[in-house]
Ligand SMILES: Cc1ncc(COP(=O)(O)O)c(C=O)c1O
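One chain is shown next in structure tokens, namely the form predicted on its own.
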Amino acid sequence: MRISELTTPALLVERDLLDANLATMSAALPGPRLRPHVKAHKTTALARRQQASGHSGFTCATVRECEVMAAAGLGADLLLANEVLDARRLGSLVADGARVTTAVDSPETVAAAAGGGVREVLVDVNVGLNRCGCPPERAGELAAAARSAGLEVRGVMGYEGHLQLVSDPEERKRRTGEAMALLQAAAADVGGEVVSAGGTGTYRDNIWATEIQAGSYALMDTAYDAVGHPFGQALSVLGTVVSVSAGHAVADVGLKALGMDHGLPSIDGAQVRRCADEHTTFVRDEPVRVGERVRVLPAHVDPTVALHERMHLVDGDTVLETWPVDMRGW
């Protein structure tokens, strides 16, 4: 199939850029130093490529991601880096032979893990993101409660998500060190071998974690690209120009095909003015014609991928493979 035959909007992944991104990250964080986060792509076919790059453990954000990964034979070491209050589906995976570790940050989530049949946990620590996570000084007592409930505490987790898009390298490195000092103090109280943290934005700065939970590096988006990392923009949304007027053109890629929480998308050689439900309005110096195909680059890869049922691996104008985005939903 040719790209020109695809119905738009369509999610495209450039094979050469994807392979280069995987190789670059694997060289920087070989083997267990990287625990790829599948929430960024939600596609087991891509996870298999990450496994082939040497990474056998994966990070998940939802129970469904864990289930689909296990069903695909990728359940050797799954971390649900999220709190759940009903862990029975996870317990079923463990009973079927998958290794699933979940995050806990309260007595309630400890009880849910133990009651649901999960055997291993990480204590989730708030290192400044102010989302999930217990205060660092409470981590030790939470670990003790988990062990009293019969759980194995593998270590700690603390996501410095508020630092992933800090543009100044020195500031990002300094603040990452401050966040990890909190996590290291908690780790000393908790025990265990695992210190899990990090992401695409801080993978070079975070030298303290035993494993980095990067995900966006594989496909990339314009928000991360603006910060400056050695990964190419492998992902785009293919659109068709459906209208041309004096001063602007409109493509059939809109809010229902793009994650917009990090801002407007980009189109090479053009200025994007705004996005509506089904439309992106842009201006380009060069002439634009109705029916022309354009590639729209999203600012945030994770929610963009989750809006699509499939992604197409491409080389030039050739569609090499079509992969279902099979970890969508909950």
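These numbers come from a predicted model, not from an experiment. Each residue number is its position in the shown sequence, starting from 1.
The discussion below concerns the form predicted together with this ligand, not included here.
Chemist: Report whether all of I3, K42 and W323 sit within 4.5 Å of this ligand in the predicted complex, measuring from non-hydrogen atoms.
Modeler: The answer is no; none of I3, K42 and W323 reaches this ligand.
Chemist: To test your reading of this chain, name the stretch in 197-205, 228-236, 113-121, 182-190 whose heavy atoms come within 4.5 Å of this ligand in the predicted complex.
Modeler: Correct option: 197-205.
Chemist: So, in the predicted complex, is R131 in contact with this ligand at a 4.5 angstroms heavy atom limit?
Modeler: Yes - in the predicted complex, heavy atoms of R131 and this ligand come within 4.5 Å of each other.
Chemist: I'd like to know if G215 sits close to this ligand in the predicted complex, meaning any non-hydrogen atom pair within 4.5 angstroms.
Modeler: Output for G215 is yes: heavy atoms within 4.5 Å of this ligand.
Chemist: Spell out, yes or no, whether the shortest heavy atom distance between L78 and this ligand in the predicted complex is within 4.5 Å.
Modeler: Heavy-atom contact with this ligand at 4.5 Å: absent for L78.
Chemist: With heavy atoms only and a cut-off of 4.5 Å, decide whether M157 touches this ligand in the predicted complex.
Modeler: Yes, M157 lies within 4.5 Å of this ligand in the predicted complex.
Chemist: Going by this ligand in the predicted complex, which residues of 223-239 come within 4.5 Å of it through any heavy atom?
Modeler: Residue within 4.5 Å: Y224, and no other.
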